[in-house]
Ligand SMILES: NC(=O)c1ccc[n+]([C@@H]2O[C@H](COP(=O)([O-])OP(=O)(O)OC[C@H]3O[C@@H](n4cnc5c(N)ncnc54)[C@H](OP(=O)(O)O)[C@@H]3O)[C@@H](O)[C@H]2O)c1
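Encoded as structure tokens, the following chain is the form predicted on its own, with no partner shown.
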């Protein structure tokens, strides 16, 4: 890509995998996170300490990005600055505004989660995290930007759930997926034209690993833009 890929949350467990994979592909990468990373980032990766809740702090690192991966931890507080409303909704909205501030139109990959549409799910008791996940998704869809919304299943650090990746839609399934495969889905979403404008859930299952992501994305339906 002609400009850096910005990974907001790139110092986290999933974000680091995204960053490393981008480096493998020869991309320039810039990470945005709160405070100092607990572990050093790879050589050559730019870093800006910024807060997604403060729009102006995102303006400089996002001014010239070619793509944006948003993989911020949502938090579970009911009140206060770490509630999901600030991270999954207001933070997404601020990032989108800053990303287009210099007249660019980057591709946006938003990492959400399964059950984002199930407001009665027990998870929603934690700061209404599912409500705000969905609100952030809608901000991305309504932005007019090229986008992909990834809803991983329960994240694992290994392949115990299987090596094959299954992409589904409708938010009706449940299951597990490795962080490595979730990160790869984010990467492929930036390079495969058929991933533009889709939302999908991601799970592992038994079987061979996916090699043709373009065809997997092409089997999905495009998003319908929310109304009202």
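Remember, it's a predicted structure, so these values are computed and weren't measured experimentally. Residue numbers count along the first chain shown, from 1.
From this point on, the text means the form predicted in complex with this ligand, which you will not see here.
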Every residue of 4, 107 and 196 near this ligand in the model of the complex, heavy atom within 4.5 Å: no
Segment assignment from 60 to 68, 187 to 195, 158 to 166, 32 to 40: heavy atom within 4.5 Å of this ligand in the model of the complex: 32 to 40
Exercise: residue 133 in contact with this ligand in the model of the complex, heavy atom 4.5 Å: yes
4.5 angstroms heavy atom contact with this ligand in the model of the complex for residue 152: yes
Non-hydrogen atom contact residue 140 with this ligand in the model of the complex at 4.5 angstroms: no
Residue 45 within 4.5 Å of this ligand in the model of the complex, heavy atoms: no
Residues from 71 to 106 in contact with this ligand (non-hydrogen atom within 4.5 Å) in the model of the complex: 71, 72, 73, 74, 87
